[in-house]
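Only one chain is included here, represented as structure tokens and corresponding to the form predicted on its own.
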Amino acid sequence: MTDTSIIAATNLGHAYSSIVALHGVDFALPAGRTGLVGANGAGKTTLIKILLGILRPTVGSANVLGFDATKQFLQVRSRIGYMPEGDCLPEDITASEFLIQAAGLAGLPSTAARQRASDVLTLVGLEEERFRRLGGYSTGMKQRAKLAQAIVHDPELVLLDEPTAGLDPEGREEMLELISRLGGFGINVLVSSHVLGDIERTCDWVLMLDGGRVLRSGPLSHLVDADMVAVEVVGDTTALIDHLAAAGANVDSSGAHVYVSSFDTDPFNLVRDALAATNTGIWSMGPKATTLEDVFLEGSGE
């Protein structure tokens, strides 16, 4: 674990009998907003449970905010918040009562707990509904209430498990806006989601899991490359590809389509010069933005 990472794992593995959920997982996540992505069965839920101290890893170690998640789970839990995916709210109390209890369990005195509950319910847009029983809440309101309880004690880090699950388009937009705002309050975020577009909109760093292994881990800006040129070539692409590769470009192709990127040089200039040098004709040419879905599918081999 580096001095600047807030969550890290070293050779982390966990098995449920003969089923291996995590295998040789290594990563270090910086402060900020990180997206945890992967298909169902990738190991996301298992990883979150280990970070919370609910599961003990079969091998390896995980650290959260400088504490061993297995041996020092009480120190970890006192500094983090957790928004679970499932419907877990008590139905017979109001949102205000629920938040006051949650703040009290985190150690806030009674007066401070009441004030904090009021402030957080206002923040998530439930100020007018705070005296309604949670059992009468809509799905969107329940998601907001779960987020509120996760941050009512002002944690250093919050783990959000599928925070937009079940929300309509308007509710999704509002939830994503709330997640984006958490950094302004000094709260680090780990968002677990299978909706890659949500991660692209809210996160700065991405941890991808596939089959219990780390597929990618890095800044979103590096994984999602907007500086790629897509060229549709007339005729054979070989000469163009060879020239671009010799010039140091990163080149991929599919049929008549050639995709070009470069860390050092403007790829448009590389393509322009290569087209002139090889006398290659094209049908079209323009920027190609790589999405997280492209990165995931490429890395997983699908």
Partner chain sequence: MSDRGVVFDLGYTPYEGERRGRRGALLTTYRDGLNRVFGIRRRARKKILPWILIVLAILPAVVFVGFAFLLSTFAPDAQSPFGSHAEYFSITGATVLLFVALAGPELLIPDRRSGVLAVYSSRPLRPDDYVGMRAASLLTVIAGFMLIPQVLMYVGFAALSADGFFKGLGTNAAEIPKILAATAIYALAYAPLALLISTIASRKAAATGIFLGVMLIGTALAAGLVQATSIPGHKYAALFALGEHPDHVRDWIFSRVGSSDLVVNGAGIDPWMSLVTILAVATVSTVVVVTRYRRLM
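Residue numbers count along the first chain shown, from 1. Not measured: the values here are computed from a predicted model.
The same protein also exists as the form predicted together with its partner chain; that form is not shown, yet it is the one meant from here on.
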item	value
Answer range among 109-117, 212-220, 228-236, 194-202 for contact with its partner chain, defined in the predicted bound form as heavy atoms within 4.5 Å	109-117
Non-hydrogen atom contact Q101 with its partner chain in the predicted bound form at 4.5 angstroms	yes
Contact of F185 with its partner chain in the predicted bound form (heavy atom, 4.5 Å)	yes
4.5 Å heavy atom contact, V152 and its partner chain in the predicted bound form	yes
Heavy atom of I54 within 4.5 Å of its partner chain in the predicted bound form	yes
Contact test, all of S78, G171 and R181, partner its partner chain in the predicted bound form, heavy atom 4.5 Å	yes
Heavy atom within 4.5 Å of its partner chain in the predicted bound form - qualifying residues of 132-146	R132, R133, S138, M141, R144
